[in-house]
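Read the single chain below, which is given as structure tokens and is the form predicted on its own.
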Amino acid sequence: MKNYATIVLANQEISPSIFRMRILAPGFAAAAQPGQFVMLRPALALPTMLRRPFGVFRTGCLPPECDGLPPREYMEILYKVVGQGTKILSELHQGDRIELLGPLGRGFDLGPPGQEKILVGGGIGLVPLFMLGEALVAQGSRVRLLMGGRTRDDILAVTEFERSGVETYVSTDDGSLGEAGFVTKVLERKLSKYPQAEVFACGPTPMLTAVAAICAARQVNLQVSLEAHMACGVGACLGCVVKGAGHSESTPRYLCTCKAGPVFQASDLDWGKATAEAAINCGGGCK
């Protein structure tokens, strides 16, 4: 974990209300793992404005601006404008100052090399799956990504995923792009064909709850990425707790999303309670 006082390299709207921000972050890529997150806020924000959590979409390196200078390492986030905080971020431009704390949290466990992997992402929940897909392909696994959304505007970064070697399948609720219907229908078909696959998921609450039920019924290992409202990102504020498996009033079991997660084994969560307490929308759902 490192606190960066850095600058915005680019900030573009790539779909209605959805932005891609590139941030200068020397040394970040070497420390970041798929599924981790960062806490961000503009450097010139009011003191009362808290940092916001965002999933890490990708890391990379730009050529130096001139001879003798080192390459410029960066990290990227994708985020949706849903409140005043993300609106302020959307108004930042190249060269604006920004504060970045990260990488934070626990990322994905890649599992055995060569195993079939199925990624399930809905809307902005696709964010943490990009680095995961790259890492799984690099270790020799066959990776299939099931992308879901309400409309075609919710389907993001298809080209980037395909270029990384991930096989993609698109479905939308209204049929405006790809197959018509819920992404969970595609998941059921794929698991019937690849019953030994491991599943990784991130997306809106109804989708993730359905994915957990499908995987539990088939005894398929599932890792999920959660994002909750939080003020610190390091386990101090306790604002991001969710209920773990086996939780009850007599034997409470709380898990801190920012420290125990944001990636969890689905079997470690209380699915009757956790989804009501956490925003399962990795990558910038907090207002």
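Please read these numbers as outputs of a predicted model, since none were measured by experiment. The numbering used is simple: start at 1 and walk along the sequence shown. Throughout, rigid core stands for the largest set of C-alpha atoms superposing within 1.5 Å between the two forms.
One more form of this protein, predicted together with a small molecule, exists but is not displayed; see below.
For the options 216, 138, 82, 158, the residue carrying a heavy atom within 4.5 angstroms of the small molecule in the predicted bound form is 82. Taking the partner from the other structure, the small molecule in the predicted bound form has a heavy atom within 4.5 Å of a heavy atom of residue 230. Residue contact check for residue 78: one or more of its heavy atoms lie within 4.5 Å of the small molecule in the predicted bound form. Although the partner is absent here, residue 124 is a contact residue: one of its heavy atoms lies within 4.5 angstroms of the small molecule in the predicted bound form. Shown alone here, residue 242 lies farther than 4.5 Å from the small molecule in the predicted bound form, counting heavy atoms only. Stretch-level contact check against the small molecule in the predicted bound form with heavy atoms at 4.5 Å: of 163 to 171, 177 to 185, 114 to 122, 84 to 92, the positive one is 84 to 92. Once the cores line up, the CA of residue 264 ends up less than 2 angstroms apart between this form and the one not shown.
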